[in-house]
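As a starting point, one isolated chain is supplied in structure tokens, in the form predicted alone.
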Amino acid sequence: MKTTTILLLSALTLLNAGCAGKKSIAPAPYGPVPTERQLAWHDMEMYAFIHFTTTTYRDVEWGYGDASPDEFQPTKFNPRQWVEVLKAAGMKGVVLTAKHHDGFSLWPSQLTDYSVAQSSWRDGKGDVVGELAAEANRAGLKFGIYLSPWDRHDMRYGSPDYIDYFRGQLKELLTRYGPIFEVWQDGANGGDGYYGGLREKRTIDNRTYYDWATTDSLIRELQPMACIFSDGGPDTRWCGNEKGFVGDPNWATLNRDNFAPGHANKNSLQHGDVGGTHWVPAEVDVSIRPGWFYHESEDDRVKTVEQLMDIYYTSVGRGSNLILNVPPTKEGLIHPIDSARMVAFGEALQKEFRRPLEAKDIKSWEATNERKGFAARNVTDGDNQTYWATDDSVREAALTMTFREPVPLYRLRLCEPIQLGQRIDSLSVEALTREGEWEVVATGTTIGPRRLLRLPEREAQALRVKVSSSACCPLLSEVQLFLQPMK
């Protein structure tokens, strides 16, 4: 009887699917699509990087590995201050260098004698990782960790034993501090160092030495929702530079097997690969200062709000995520200049997108082609699971929104339903002016999870978005216009 019931239900499901298919059939996914963890990562858009270790106290960028643990003395260490600054800037998470190349561990690791437990700071009872993780959780920020594969202090580096040590430390970090949203794998691999007192140079084969597949499996087991970052993923990729931009076009797909941490084609990293084998979106890493660690000499070189806004548009605005580094001082605080700049950046972002045009202000939605069941007006319903779609045979299409009253243009946000892949390779935006003329106000290439466009100051009666996809039918889940801020 049970088997008969299952067969009957299956038949009814197929019948209903066939009936529904006559009414409307959703477009098939195109190419690789993001996993659940990647979709959650895309939603974050922007988060912070914190570079902090003994290197901070030596006024250098890469610690050699020979600093005494007692050199680490953040006498005013205040992770709550860090988190409050990051939250005010609009960050949704924070990634900490739990261990940088100097090998000094910012948590009391049981696997080494080179950590905060050996420092006189807080009588060896300090835990930077633990306190920051707790403060991030309290403030509603997600927490991530950076564990340098290269260790310039440990005697075992270059031998198989070091890999066991590296994974052991990774296990400590992934089991002690709650949910981890990202694990950052740096591409720095080998060179000169202290290595337990042996001042020498050690080289490794960065494609084989670390056996990344086994390490990634450990991460999947312990933190299944953590995205793994490296030069080539597997979940997110480096953007190919540290200047604050990703390429244009920017494809979220990559021929992943061609990459490994420390082994990368920078052009592919900046642009992705059209029709790539895997979904590996870009992350833009940049520091608010010239360096990654705090240097007093750079106090007058902190990026301006205008520079940070430009970075936002060339990273988040091109469909990547932004990880912005904000380095603490020797005392363990975000410097007042950096703090003020971050707060002002957050205020500028809020102002930028303060006046979204509401659906009630749109008189009509028209499209040159509209797939049955996937109407043009879906782009303004506030649901990224619904979208406008064209018929399978269509490669170019336009969507026009006519406003009830002329509106002042300012910014435009476009999104594809990336759960079905990335397909749009070019776009243009036209505005119908008061004079009744259509004027091109923006052009671009890829969209992916989002595209942010700065529009010229115009009053428009209507807006037309033209998109094309050389591979398959184009789809749009969001067309959100933002009006000029009130003065």
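The first residue of the shown sequence is 1; numbering continues from there. Everything quoted here is computed from the prediction, not taken from an experiment.
What follows is about the form predicted in complex with a small molecule, which we do not show.
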{"property": "Residue stretch of 132-140, 96-104, 299-307, 391-399 approaching the small molecule in the predicted bound form, non-hydrogen atom distance within 4.5 Å", "result": "96-104"}
{"property": "Contact assignment for the small molecule in the predicted bound form, among F166, Y194, F245, W292, heavy atom within 4.5 Å", "result": "W292"}
{"property": "Candidate from Y177, W184, Y210, F259 lying within 4.5 Å of the small molecule in the predicted bound form - any heavy atom", "result": "W184"}
{"property": "Interface membership of H51, the small molecule in the predicted bound form, 4.5 Å heavy atom rule", "result": "yes"}
{"property": "4.5 Å heavy atom contact, D285 and the small molecule in the predicted bound form", "result": "yes"}
{"property": "Exercise: W438 in contact with the small molecule in the predicted bound form, heavy atom 4.5 Å", "result": "no"}
{"property": "Contact label in the predicted bound form: A188 to the small molecule, heavy atom within 4.5 Å", "result": "yes"}
